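Coming up is one lone chain in structure tokens, specifically the form predicted on its own.
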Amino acid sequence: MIKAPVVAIALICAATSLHASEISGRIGAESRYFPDDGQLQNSVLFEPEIYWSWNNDHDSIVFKPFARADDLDSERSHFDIRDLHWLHVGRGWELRTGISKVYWGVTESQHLVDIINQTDVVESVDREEKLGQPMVQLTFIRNWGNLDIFVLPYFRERNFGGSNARLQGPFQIDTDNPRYESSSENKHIDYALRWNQYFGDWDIGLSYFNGTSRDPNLLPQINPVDGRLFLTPYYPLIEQIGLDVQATLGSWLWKLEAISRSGLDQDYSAMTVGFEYTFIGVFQSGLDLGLLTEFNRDTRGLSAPTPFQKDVFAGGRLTLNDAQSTELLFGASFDLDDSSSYSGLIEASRRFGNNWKLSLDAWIFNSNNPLDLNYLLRDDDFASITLEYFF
């Protein structure tokens, strides 16, 4: 665990004294309502960002801490450094050192190839939020494409909710005693490579990762005191080869993510493939409507610890193209092996003035199969509202 609060405060003071070229960020309040039992979960968040550059912008430092205080789940009250890195830009190359976030992927329903950062599970159910990852990243920018080389010297364990957590299932997860395949545990040095290039309308990325899996295996354990079942995270060593492809062909956006993973746990492959077709100016208005369809497949089948072993995602994206940046995303995933298993989402947002943003989100989960992940979340349908101020 990174002992960040004291370091964060010191760096904020230092950056301010050095006349940081830009200070921005957001502060917000969120309320989640769970209709199955009428429970309300409230929290506040704070995420400032300090950017300082020199040497004609060839050198820069970014510092972006994140903090949330939650009135229901003590583990969701947490602090993390999302970004704290120095970037040097050379002629045809860049060097990034420190803590940062890297995103890989093109699909909507899940991001198979995205493996550098650990998922911040307590933040959101869609796995979009990530913890900051210590890294050294060297990027070569050439005519034949961009090549990223990563050295990852410290592993971030996945965070899980506490005893009062929602969206976690019925079993407590023991995050105090994680297990590792590597004798170096969280100090194992991981490596990664990614090459990407544009070929006309096609954007292609190839990636390789060797190190500790960001997805833990949850091992069942019995508490000898009260006989209750709990789960212990186990992090194996893996190798992963990834491919992501996106083709922009007129109003069509074709997407593919595929991985092949090997390690101590079962070797397997998985893919997500689909498209998004956008209707421009529907009903002779300024609205754009995109229709999304994606197919997910995992060769582990029903034993896969994911809701996407053989599923179809269908949905839409409505963009009003107004000054308030109003957007709506909706969709549902359906299990092709179990007609009772599905999940659905609605995400909407709108800006007010120059500084305010209101977001509305809703999720539903359903399954009649006790071995299905949606079954564990069947009582955690929720709707949330978030009001944020950007400065």
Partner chain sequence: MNRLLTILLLGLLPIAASAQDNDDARTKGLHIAQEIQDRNTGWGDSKALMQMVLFNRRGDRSERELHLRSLEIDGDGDKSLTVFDQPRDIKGTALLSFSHSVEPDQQWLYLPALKRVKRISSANKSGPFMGSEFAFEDLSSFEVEKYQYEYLRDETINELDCFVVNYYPNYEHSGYSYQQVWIDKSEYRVQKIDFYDRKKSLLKTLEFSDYEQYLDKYWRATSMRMSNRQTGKITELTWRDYEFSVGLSDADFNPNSLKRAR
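Numbering follows the first chain given and starts at 1. Remember, it's a predicted structure, so these values are computed and weren't measured experimentally.
The discussion below concerns the form predicted together with the partner chain, not included here.
In the model of the complex, the partner chain lies within 4.5 Å of some heavy atom of D322. Put simply, R317 is close to the partner chain in the model of the complex: some heavy atom of it is within 4.5 Å. In the model of the complex, no heavy atom of E239 sits within 4.5 Å of the partner chain. Using a 4.5 Å cutoff between non-hydrogen atoms, S31 does not count as a contact of the partner chain in the model of the complex. Using a 4.5 Å cut-off to the partner chain in the model of the complex, each of E94, T107 and W202 places a heavy atom inside that distance. Just one listed stretch, out of 86-94, 71-79, 155-163, 179-187, contacts the partner chain in the model of the complex at the 4.5 Å heavy atom level, and that stretch is 86-94.
For the residues T293, T175, T139, Q118, the 4.5 Å heavy atom test against the partner chain in the model of the complex is passed only by T139.
Note on contacts: among V151, L219, I222, I280, the single residue with a heavy atom within 4.5 Å of the partner chain in the model of the complex is I280. Contacts between 347-384 and the partner chain, taken as any heavy atom within 4.5 Å in the model of the complex, involve R351, N354, N355, K357.
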